[in-house]
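In structure tokens, the next block holds one chain alone, the form predicted on its own.
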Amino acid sequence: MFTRGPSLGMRLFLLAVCSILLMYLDHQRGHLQTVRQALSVAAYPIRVIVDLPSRAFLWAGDALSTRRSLQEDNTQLRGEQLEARVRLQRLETLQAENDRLRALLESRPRLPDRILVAEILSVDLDPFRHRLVIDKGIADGLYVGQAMLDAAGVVGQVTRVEQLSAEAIMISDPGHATPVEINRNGLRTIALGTGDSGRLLLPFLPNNADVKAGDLLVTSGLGDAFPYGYPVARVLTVDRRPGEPFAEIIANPSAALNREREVLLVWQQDRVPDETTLSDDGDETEDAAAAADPEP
């Protein structure tokens, strides 16, 4: 009972040194990657359990829907399906014509991107950090920098991949930049997140730029971050300020960033996963992804 260990100040100093050493080794050499992967696997059931109450609440709300509401939805969907089939007939004709023209020009056909549906486990909408966690990871072939969409447009891209889950940054995050172009005239620029899920900023267009409210912004395909042609946002306001070099342009994201429960993960043609990508250790996946990881 009379023995004494190191003082409190010495213990604090030793813990600080150990912490700095571990952070250095992890940042420079990645020695703790295996430990992090193991911890992520162990924490995955906890994430699912925490999400169970909200899932149960949503399931109960859906189960209590009235019969009349379901019949109205069914009637509306039948009408939309019929309209879509009529449009599809026209699209098939245009696709065949496009194939013939490409054959005449000896142009390589564009193959559709591979997609995978993922469910959102948690969402962080802090004003300075718009992130979400999904239930797909290395085991499903995900890679850092992978594009993430919903039914209406671009949601964001994957920033960290674990064995059974992944973290993604949304396009509304203040630290994220999306290469876009105006669909009407092909004018390219960058859409920056503002911390508001309903607003994007286009800060690098001059006052005389050909942009107006209602213009659709789509991914430009530059930087290898997002495939070309996916909707990103629609221009809300254009404020041309005399004496200033750039106009103040605000756009509204096409995707429902604060209402989605599921997202689509898109593989570009040169990033479709193979057996090596789906290996258990995931090392080759992370190495390949690191080369294509854009700086947000």
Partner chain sequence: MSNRYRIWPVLAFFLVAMSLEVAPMPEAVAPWRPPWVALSVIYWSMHRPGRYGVGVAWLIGLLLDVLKGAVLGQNALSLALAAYVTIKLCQRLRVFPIWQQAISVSLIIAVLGFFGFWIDGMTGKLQGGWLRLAPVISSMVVWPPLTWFADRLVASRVRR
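Here, rigid core means the biggest group of C-alpha atoms that superpose within 1.5 Å across both forms. In this text, all values refer to a predicted model and were calculated from it rather than measured experimentally. Positions refer to the first chain, counted from 1.
As for the form predicted in complex with its partner chain, it is not shown, yet the points below apply to it.
Where, among 206 to 214, 141 to 149, 222 to 230, 127 to 135, do residues come within 4.5 Å of its partner chain in the model of the complex by heavy atom distance? Careful reading of the contacts points to 127 to 135.
Just one of 70, 236, 256, 43 has a heavy atom within 4.5 Å of its partner chain in the model of the complex. Which one? By the 4.5 Å criterion, the partner-contacting residue is 43.
Is there a heavy atom of residue 167 lying 4.5 Å or less from a heavy atom of its partner chain in the model of the complex? It does: once its partner chain is placed as it appears in the model of the complex, residue 167 has a heavy atom within 4.5 Å of it.
Answer for residue 39 alone: is it within 4.5 Å of its partner chain in the model of the complex, judged on heavy atom distances? Residue 39 belongs to the contact set for its partner chain.
In the model of the complex, does residue 197 have a heavy atom within 4.5 Å of its partner chain? Judged by the heavy-atom cut-off of 4.5 Å, residue 197 is in contact with its partner chain in the model of the complex.
is_contact(residue 240, its partner chain) in the model of the complex, heavy atom dist at most 4.5 Å: So residue 240 does not count as contacting its partner chain.
Is it true that 78, 87 and 117 each have at least one non-hydrogen atom within 4.5 Å of its partner chain in the model of the complex? Zero of three within 4.5 Å in the model of the complex.
Residues within stretch 169 to 184 having a non-hydrogen atom within 4.5 Å of its partner chain in the model of the complex: Only 174 sits within 4.5 Å of the partner.
For residue 256, is the CA shift between this form and the one not shown at least 2 Å following rigid-core superposition? No; residue 256 is a residue whose C-alpha shifts by less than 2 Å between this form and the one not shown when the cores are overlaid.
Residue 41: with the rigid core matched between this form and the one not shown, does its Cα shift 2 Å or more? Result for residue 41: yes, a 2 Å-plus shift.
Flagged pair residue 216/residue 125: C-alpha distance shifts by 3 angstroms or more in the model of the complex. Which direction, closer or farther? Farther apart in the model of the complex, by 3 Å or more.
Since the Cα-Cα distance for residue 167 and residue 125 shifts by 3 angstroms or more in the model of the complex, is it a contraction (closer) or an expansion (farther)? Compared with the form shown here, the C-alpha atoms of residue 167 and residue 125 sit closer together in the model of the complex, by 3 Å or more.
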